[in-house]
Ligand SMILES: Cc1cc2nc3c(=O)[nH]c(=O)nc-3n(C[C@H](O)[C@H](O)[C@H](O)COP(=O)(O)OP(=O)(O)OC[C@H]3O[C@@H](n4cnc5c(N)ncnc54)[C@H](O)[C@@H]3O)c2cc1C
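The chain that follows stands alone, in the form predicted alone, written as structure tokens.
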Amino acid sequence: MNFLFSAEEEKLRSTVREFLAEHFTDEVRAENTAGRRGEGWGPAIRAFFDTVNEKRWFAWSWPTEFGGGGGDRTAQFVIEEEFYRATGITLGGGTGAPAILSFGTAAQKQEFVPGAIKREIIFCQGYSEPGCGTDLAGIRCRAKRVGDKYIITGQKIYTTNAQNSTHIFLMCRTDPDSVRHRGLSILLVPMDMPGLTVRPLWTVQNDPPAPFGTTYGEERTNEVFFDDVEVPASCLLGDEGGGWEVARRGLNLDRVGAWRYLISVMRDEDIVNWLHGEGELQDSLREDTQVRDKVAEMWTEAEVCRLMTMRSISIEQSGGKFTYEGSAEKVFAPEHSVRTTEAISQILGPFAQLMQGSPAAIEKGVFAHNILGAYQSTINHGSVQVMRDQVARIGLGLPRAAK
């Protein structure tokens, strides 16, 4: 494939940049930050979302019948890339919607996908539990089928954005006698159901708050409790007991896109941009051959992250079989981000430890806050250890490791 963007795609990039420079004002940015904290979405950010939706940029490559743009995946990549760099906003239908497109009934697609694109329906991901984080085969949250409804009991943890979500993409065990991945199902559960409780868990990025551009700089995540929550059986996505395949496909699709690769390489861009600036410290570091070699090495790895993402997008766009590629990205990119964070901390020395609010902090402390969130990327959406196993078994056809 050709890894270069066409003239038309570069023109689209310029159009998106001009749009964001005009419309993503300081007021919009402030309301977006407040909304992410769970303080509600103000009129300025809502108007911004409406304008973006009119252009169908939220889901440029999604089917037009659901409100998408019907465009190609590479153009969506360009739009996503510019949006995330400038705003921190991720495009597409969010968590859950890609899996609904793949496994949902016609009624579910009509109910959820248009609203997800418009930001009227927001899913959070209900996977991790206190006893099982990345090993989802250990899920204990139960959903018992009683007539035409399910009764859910259990708990989820590290449920990011639950405070803003309208629904939870819930993985639960519908067969109490099943083991490991068998007997798991996905339910699309409204967050306002009686018996469902959201409790905040404040992160290390809460005080002081992480500056814009921090990777995994969320101030809050959540735990969610289900105390005999009743939902209609129509909330089931896919087959009962087929939740592992639904989740695996959904996670693979969720790992593909500009923002996923950007959260691993923006720190490379940040250090290069800072080194290009003026200052005594920048001047001395720019002339240090060891610094130059290390930055070049990290930049090369960042390009590999981009090319791996482009490969996955090309496979998806051409209708190819997309199996292990997302898992491979989920190994290389997070581990690259950890290596880069460590390298930057060595380059900047004690300045790398100064967080937002410190008078001598570099770039509002973004490099220090990146240290706090660096290893999170190796765990979220599947640990790199689990992803290596996926690549070995699905991509290379190797047998399951002996235990």
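Bear in mind the structure is a predicted one, so any value in this text is a computation, not a measurement. Numbers for residues come from their place in the sequence shown, where the first is 1. If you superpose the two forms and keep the largest set of C-alpha atoms that fall within 1.5 Å, you have the rigid core.
Missing here is the form predicted in complex with this ligand; even so, the following discussion is about that form.
A heavy atom within 4.5 Å of this ligand in the predicted complex is found for exactly one of T174, T74, Q108, S128: S128. A heavy atom within 4.5 Å of this ligand in the predicted complex is found for one listed residue only; from T215, T159, T87, Q155, this is T159. Stretch 119-127 is the contacting one of 119-127, 177-185, 147-155, 298-306, since its residues have non-hydrogen atoms within 4.5 Å of this ligand in the predicted complex. By the criterion of a heavy atom within 4.5 Å, V386 is counted among the residues contacting this ligand in the predicted complex. With a 4.5 Å cutoff on heavy atoms, Q376 counts as touching this ligand in the predicted complex. Using a 4.5 angstroms limit between non-hydrogen atoms, C132 touches this ligand in the predicted complex. Taking the partner from elsewhere, Q163 is found to have every heavy atom lying beyond 4.5 Å of this ligand in the predicted complex. Positional change of E219 between the shown form and the other one reaches 2 Å or more at the C-alpha, relative to the superposed core.
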